[in-house]
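The chain below stands alone, shown as structure tokens; this is the form predicted on its own.
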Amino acid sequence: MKAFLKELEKKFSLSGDYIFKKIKYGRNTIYLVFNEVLTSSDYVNDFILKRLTRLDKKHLTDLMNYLPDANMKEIKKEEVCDYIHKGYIIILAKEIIAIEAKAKLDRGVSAVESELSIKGPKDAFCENFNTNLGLVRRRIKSHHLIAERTEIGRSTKTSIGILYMNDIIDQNLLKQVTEKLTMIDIDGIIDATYLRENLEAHKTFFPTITSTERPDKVSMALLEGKIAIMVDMSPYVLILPTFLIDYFHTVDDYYQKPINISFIRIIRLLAFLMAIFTPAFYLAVTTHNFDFIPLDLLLSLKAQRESVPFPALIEAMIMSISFEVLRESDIRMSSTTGSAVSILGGLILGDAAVSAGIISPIMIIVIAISAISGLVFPSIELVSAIRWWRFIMMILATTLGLWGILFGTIVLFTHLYKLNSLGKPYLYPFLPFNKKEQVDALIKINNRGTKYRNPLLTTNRKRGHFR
């Protein structure tokens, strides 16, 4: 054991946060090895060291029985480094024992930030794997909730949890996800988003995997037959597969009256279309299809652009990029000054640009409507997809007019039709059409209508319903 101890000392000699402590029992000696920043000093002093000093030397041959602990295990030599980096104390005696003594390094359970909860629970995931798993298990009190754990990352050895309902999940879907995860071989996983590249569909701007910090949203997805991937040190959990319609739903939809939610979902659909097509339609009718709008309105639009020195497309691009710069600065700056600076910048720059004749007033209105419509969706990935397709539609409208918009629309919906998430059609339940699933697609009928699960995700479709 002394030779192994010298090997550990040599390996950790360059870092000052590894502690080697020796405790003598007459002629016998045991050694403690741990990392002081990863372990709780109170736990080490009050529980481990106190109990060790009270032991007789005859107890050293059977420490597993004389040092009882909930998370205590006998390990092999090659596992020592891994357990030290996980916050365990290693006892080197006749055998090698690891006792969990992790320090509390996370921020604890806090309120939801990126996905505001209006009427639902306010708790959010944090950076602690066990805490996140506990938030889900508090909601789903069933032994059918399985959390398979694995490690990914040569250097980080990050704990990954695959969560699913064993009595609901499609085993083929589970096998597909597991195989994709086992194929990942990189230096480290720092956040859950590192896994997206290997799991989601390529060659598309649209997100095919959802990330969320809300435990209630993950719980709902698991009960639907989906899979959740939880990553240690990440406050976001991945949900897959994902359909386009999922981005028009929020968790709060199920905490409010169906008639109100149906109206809001229609608003979200209109916002999605306006975000992509509003600038393109304006460019088309002011550059090619003049007869598509009333003459008085056309003359008014033309009059506003008389002093503008740039073509309409360049003008729209300048305004779109300016809005993105303001939005990005608002996100990156501190909460105390960010909003004030972006609002002030938008007002001053917009007014100055119009007064200088660089930008027409109607263009500011058009771009503002389009950009604000895209912000209806909390998913950054979906907002980015909308931005790219907005630019594509603007170029097509400037080149071909309304025919360009029609062509771009056909390409967009063909792309969405061919897109899939883990083999599941992205436009479901519209394409392929499922009549029973329409009760909770765009229009929410009532809670009684959602008594069946998605047939694409499970064969155990019976959910139960309100009487």
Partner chain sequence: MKKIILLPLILLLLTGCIKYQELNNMAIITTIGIDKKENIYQVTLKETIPKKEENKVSSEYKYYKGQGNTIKKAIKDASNNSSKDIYLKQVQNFLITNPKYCKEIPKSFKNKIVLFQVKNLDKVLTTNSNYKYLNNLAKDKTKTLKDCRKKGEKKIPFIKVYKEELLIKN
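Quick caveat, the model's predicted, so the values are computed rather than measured. Positions refer to the first chain, counted from 1.
This next part talks about the form predicted in complex with its partner chain, which is not shown.
If you check Arg265, Lys86, Arg305, Arg196 against its partner chain in the predicted complex, which one has a heavy atom within 4.5 Å? Selected residue: Arg305.
Within 4.5 Å, heavy atoms only, which of Ile293, Ala352, Ile372, Ile75 is in contact with its partner chain in the predicted complex? By the 4.5 Å criterion, the partner-contacting residue is Ile293.
Given the stretches 122 to 130, 102 to 110, 296 to 304, 206 to 214, which is the single one in contact with its partner chain in the predicted complex, using a heavy atom cutoff of 4.5 Å? Answer to the contact question: 296 to 304.
Does every residue of Trp388, Pro455 and Leu457 put a non-hydrogen atom within 4.5 angstroms of its partner chain in the predicted complex? Result no, not one residue of the spot touches its partner chain.
Residue contact check: Pro361 to its partner chain in the predicted complex, 4.5 Å heavy atom: Pro361 belongs to the contact set for its partner chain.
Exercise: Leu400 in contact with its partner chain in the predicted complex, heavy atom 4.5 Å: Yes.
Would His415 count as touching its partner chain in the predicted complex under a 4.5 Å heavy atom rule? Yes, contact at 4.5 Å.
Quick check on Ser142: any heavy atom within 4.5 Å of its partner chain in the predicted complex? Taking the distances in the predicted complex, the answer for Ser142 is no, it never comes within 4.5 Å of its partner chain.
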